[in-house]
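Only one chain is included here, represented as structure tokens and corresponding to the form predicted alone.
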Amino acid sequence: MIGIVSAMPEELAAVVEAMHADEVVEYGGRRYYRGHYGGEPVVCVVSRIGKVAAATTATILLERFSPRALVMTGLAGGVDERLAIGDVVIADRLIQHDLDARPLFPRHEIPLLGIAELPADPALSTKLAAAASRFAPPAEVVALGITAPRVWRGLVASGDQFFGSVEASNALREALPGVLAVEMEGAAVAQVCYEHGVPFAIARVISDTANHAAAVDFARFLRDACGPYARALVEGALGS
């Protein structure tokens, strides 16, 4: 069984609709959809937004359902100035950009764990990257001006902060050179999986960029683009 997590209902709805759900169970205020997707046993859940919500959801998922791996998909803001709306970032590793326990521990290092960057599973990440590279935008995505999305692999930063200005993006690039994208859940899910010894991979679709000059309306992107991307990425993760 593979666990599939997204932060918002719109990011997961198309996957839940496409799967064959045998049962829906509730733990901790979350609905876990257990069933099959393309013949593969899966459990899907919306974590809600933020690191605490994501960590809580991932912990319940691992403890209650014992998946062999976990995949998270959803949206992110592009920090690297080369990224464009609709590009896909596959996390090689994740970091909490707002974690700072100095002087007790170095900035970004997880206290008592001894690391700052959490490595994603290489094989599972490669599957996601391959699926993203094969993604052919359907009409509703093309209508947003996305015709040839690129695939990137590298560092993704997570934190309980929404980045809404050029100044904030610039500060993050200065603090974490090489960071590709920023979101609010991935590193929390990564830490839970890391501490439980469960392989994980995280894919993020860029919904806005560092210069915040995108013409694409976020609500429209969330409504029209999330489904096709999510289905393609999940199918890639489940493929042999």
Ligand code: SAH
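Numbering starts at 1 and runs along the sequence shown. The model shown is predicted, which means the values in this text are computed figures rather than measured ones.
There is another form of this protein, the form predicted in complex with the named molecule, and it is not shown here; the text below is about that form.
Comparing 73-81, 88-96, 127-135, 145-153 against the named molecule in the predicted bound form, the single stretch with non-hydrogen atoms within 4.5 angstroms of it is 73-81. Proximity of Met8 to the named molecule in the predicted bound form: non-hydrogen atoms within 4.5 Å are present. By the criterion of a heavy atom within 4.5 Å, Val198 is excluded from the residues contacting the named molecule in the predicted bound form. Residue contact with the named molecule in the predicted bound form: Val189 places no heavy atom within 4.5 Å of it. Using a 4.5 angstroms threshold between heavy atoms, Leu62 stays clear of the named molecule in the predicted bound form. With contact defined as any non-hydrogen atom lying within 4.5 angstroms of the named molecule in the predicted bound form, the contacting residues in 182-196 are Val182, Glu183, Met184, Glu185, given in sequence order.
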